[in-house]
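One chain follows as structure tokens, the form predicted on its own.
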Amino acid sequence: MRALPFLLVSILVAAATFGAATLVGNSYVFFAGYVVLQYIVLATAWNILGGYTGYVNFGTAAFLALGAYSSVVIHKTMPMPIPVLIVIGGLVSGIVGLGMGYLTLRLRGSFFSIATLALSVVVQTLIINWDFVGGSRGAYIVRPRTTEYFAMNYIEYLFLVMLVLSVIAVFTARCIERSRLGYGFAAIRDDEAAAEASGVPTLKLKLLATTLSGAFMGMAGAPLPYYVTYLDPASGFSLAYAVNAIAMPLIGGTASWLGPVIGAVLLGTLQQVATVTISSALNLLIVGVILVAFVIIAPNGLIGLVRGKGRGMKR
């Protein structure tokens, strides 16, 4: 499927999703659906660097929190519409991603991953000591009950915004996968030394991957203060974001744009059901159990498992 037909199909699926959520008539569907859509964006963003390029990033929470706290800063100085906040959050996190890449991409393997984890700790320490955004106390965001532009509840509006952002993120990942850029990422992932010897501009491609990945993570975090209405470092830098962003592509499959989507929908839905029926404390336990099971049963994720069975049937 080419880019334009894929985009049209994605828009139709998004429209059907919003229509189905509206027909249910329960506001919690939008509240929980927002989280699942946010995970789709985060998982897709992580996969651009971790899956396509092969550089595992443990700093997801830092990029998401940068987008969220950029919204807090703008809310306290000159309030702007959510779409504008998303763009600004993406710019801030993208620039930090570029800087992080320039400083750390000469490291490889676990050394790079540890450096991204250190970035998260540094950013969290800065936020904790920044009184303007609430510091360790956190910041309250008073969101309106309805929007000025659409006749809908604000949670429904946030759901719609994140739905559009998820379409953009998935479409971008799919375009990258089928392009020369994607082939360059794959060459770096498979054998970086061989790719560099073959003339692939590895450093430039890796910097582009960290920038794109960070930007989408920041975009996913920008509406967060308006969703939770109270943002503090503990929630903004939650371990759940870092764990889920890695686990969802691994469970769905990192070699395809579809893998992170499947993993996010599967894990995100299970976590929301567990939150309502049992306890939110089980969320990370669910992720851990499923991740261990997939590492044993399907190390290449659901996509790899299905493709493997398909090849076996052809034989």
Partner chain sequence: MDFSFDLFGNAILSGLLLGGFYAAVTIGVAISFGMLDIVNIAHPAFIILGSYIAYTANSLLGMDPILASLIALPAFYLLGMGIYQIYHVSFERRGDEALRGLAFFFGLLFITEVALVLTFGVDYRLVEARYIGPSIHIGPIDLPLRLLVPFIVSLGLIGLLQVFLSRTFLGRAILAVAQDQEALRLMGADPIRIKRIAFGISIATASVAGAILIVIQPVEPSIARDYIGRIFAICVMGGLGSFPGMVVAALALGIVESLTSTFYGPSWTPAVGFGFLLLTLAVRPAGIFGR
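Numbering follows the first chain given and starts at 1. Only the largest set of C-alpha atoms that superpose within 1.5 Å between the two forms is called the rigid core. Remember, predicted model here, so these are calculated numbers, not experimental data.
The following text describes the form predicted in complex with the partner chain, which does not appear among the structures shown.
- Only one segment in the set 161-169, 73-81, 108-116, 214-222 has residues whose heavy atoms sit within 4.5 Å of the partner chain in the predicted complex; it is 108-116.
- For the residues 13, 306, 292, 24, the 4.5 Å heavy atom test against the partner chain in the predicted complex is passed only by 292.
- The shortest heavy atom separation between residue 46 and the partner chain in the predicted complex is within 4.5 Å.
- Using a 4.5 angstroms threshold between heavy atoms, residue 229 stays clear of the partner chain in the predicted complex.
- Among residues of the shown chain, residue 270 is not one whose heavy atoms approach the partner chain to within 4.5 Å in the predicted complex.
- Interface membership of residue 276, defined by any non-hydrogen atom within 4.5 Å of the partner chain in the predicted complex, is ruled out.
- Judged against the partner chain in the predicted complex with a 4.5 angstroms heavy atom cut-off, the residues 122, 125 and 285 are in contact without exception.
- After superposition on the rigid core, the Cα atom of residue 23 is displaced by less than 2 Å between the shown form and the other one.
- Once both forms are fitted on their rigid core, the CA atom of residue 282 lies 2 Å or more apart between the shown form and the other one.
- Relative to the superposed core, residue 9 shifts its CA atom by less than 2 Å between the shown form and the other one.
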